[in-house]
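In structure tokens, the next block holds one chain alone, the form predicted alone.
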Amino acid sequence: MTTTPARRPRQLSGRPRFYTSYAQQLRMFNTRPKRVSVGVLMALAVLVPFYVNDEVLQLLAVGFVASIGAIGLNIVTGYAGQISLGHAFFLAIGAYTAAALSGDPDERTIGFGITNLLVWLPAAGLVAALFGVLVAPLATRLRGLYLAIVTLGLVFLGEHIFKEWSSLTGGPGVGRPAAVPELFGYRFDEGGELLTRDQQLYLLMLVLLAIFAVLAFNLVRSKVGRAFSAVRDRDIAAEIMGVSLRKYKTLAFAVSSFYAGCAGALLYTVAGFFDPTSFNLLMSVQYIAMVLIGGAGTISGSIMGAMFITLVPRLTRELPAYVPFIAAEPTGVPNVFQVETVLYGLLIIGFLIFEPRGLYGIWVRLRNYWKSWPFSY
């Protein structure tokens, strides 16, 4: 007698399937709506440069690079729970490493003429990661506010060194050219027949962001990522269970610094020029704001927060036209720097009080609402 196989229960249309394994739950795109939405989002991102002007493309390209740096900070702060206020220092290390490698040897600043992106970009990340490893032992001895103060000191130390080391940085107020984005003999900072300079840089930064985001997502859902979360949630309990605090804190700082170095190397390729005064305390505050506003402990939240903070200066530059008292005394010139600083502080406080999970938390609530609609109560 033959037996017929049991029929699978019919799936209700529009309803997500239940997870049948832990691996399926951790899969990057574990549901069909996720796959479709990410595909549509990437398709729209590729079409954007053909419908917006170059000024907006420059802003978006900077936002993509800032997202890479924000992902790095989120790894050490959001996932591993180590407070770092010295992100600007590692960004500067990466920027100057890349600029020195790709710089012209005949210029007044240090340069080796290596313009290949596949050389100076990993080198910038590795040099920054080396400095991160040197700082990491402090994380095993200090925690909380004490660790934050120590990493904050890196910003002031680096700011002084870069101002004085004029043969590398060009000195304050003068600066030096940024790294040359060249790949297989093709330069992305020069306009071509099909694409303009800003369109090429936009697409390059978009591809690099996708690569770095996928690598980070795979890291945080691996054994290393789970160890980071254990250290963040309860480091003493993690150590009792066999998680080496020294090893994983060092690894978290190394990975975070690598991402920061790569972001610093790419950050000023859009503008083509930078000086030592760019890497100051405000830059570290900006990246802290990206993580907290986007959502700590999430890769998508890092991208959301970075894009949000990148677009904020566009708003602050237009505020003085509508708010007359936002001006510097006695010249009457709008003090955009102070406006941005105050706005970052207000945004951080507001999100911590009203939405601690950040923009990603808002997105999750909206998604869950529509997934359970019309029974969204």
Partner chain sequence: MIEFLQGVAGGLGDGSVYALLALGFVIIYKSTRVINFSQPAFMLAGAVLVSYLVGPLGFYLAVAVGVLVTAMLALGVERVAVRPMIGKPVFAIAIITLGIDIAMRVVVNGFIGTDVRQVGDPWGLASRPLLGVPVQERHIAMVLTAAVAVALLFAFFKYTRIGLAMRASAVDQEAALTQGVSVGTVFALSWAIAGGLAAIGGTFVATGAGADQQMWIIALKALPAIILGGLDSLEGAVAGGLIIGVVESLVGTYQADIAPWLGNNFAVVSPYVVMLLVLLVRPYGLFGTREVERV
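Just so you know, these numbers come straight off a predicted model, no measurement behind them. Residue numbers count along the first chain shown, from 1.
In what follows, reference is made to the form predicted in complex with its partner chain, a form of this protein that is not presented.
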The unique member of Ile83, Leu206, Leu245, Leu126 whose heavy atoms fall within 4.5 Å of its partner chain in the predicted complex: Ile83
Heavy atom within 4.5 Å of its partner chain in the predicted complex - residue from Ile149, Ala271, Ala210, Leu130: Ile149
Check all three, Leu138, Leu281 and Ile348, heavy atom within 4.5 Å of its partner chain in the predicted complex: yes
Touches its partner chain in the predicted complex: Ile110 (any heavy atom, 4.5 Å): no
Thr316 within 4.5 Å of its partner chain in the predicted complex, heavy atoms: no
Close approach of Tyr186 to its partner chain in the predicted complex, 4.5 Å, heavy atom: no
Leu157 within 4.5 Å of its partner chain in the predicted complex, heavy atoms: yes
Its partner chain in the predicted complex: contacting segment from 44-52, 26-34, 63-71, 340-348, heavy atom within 4.5 Å: 340-348
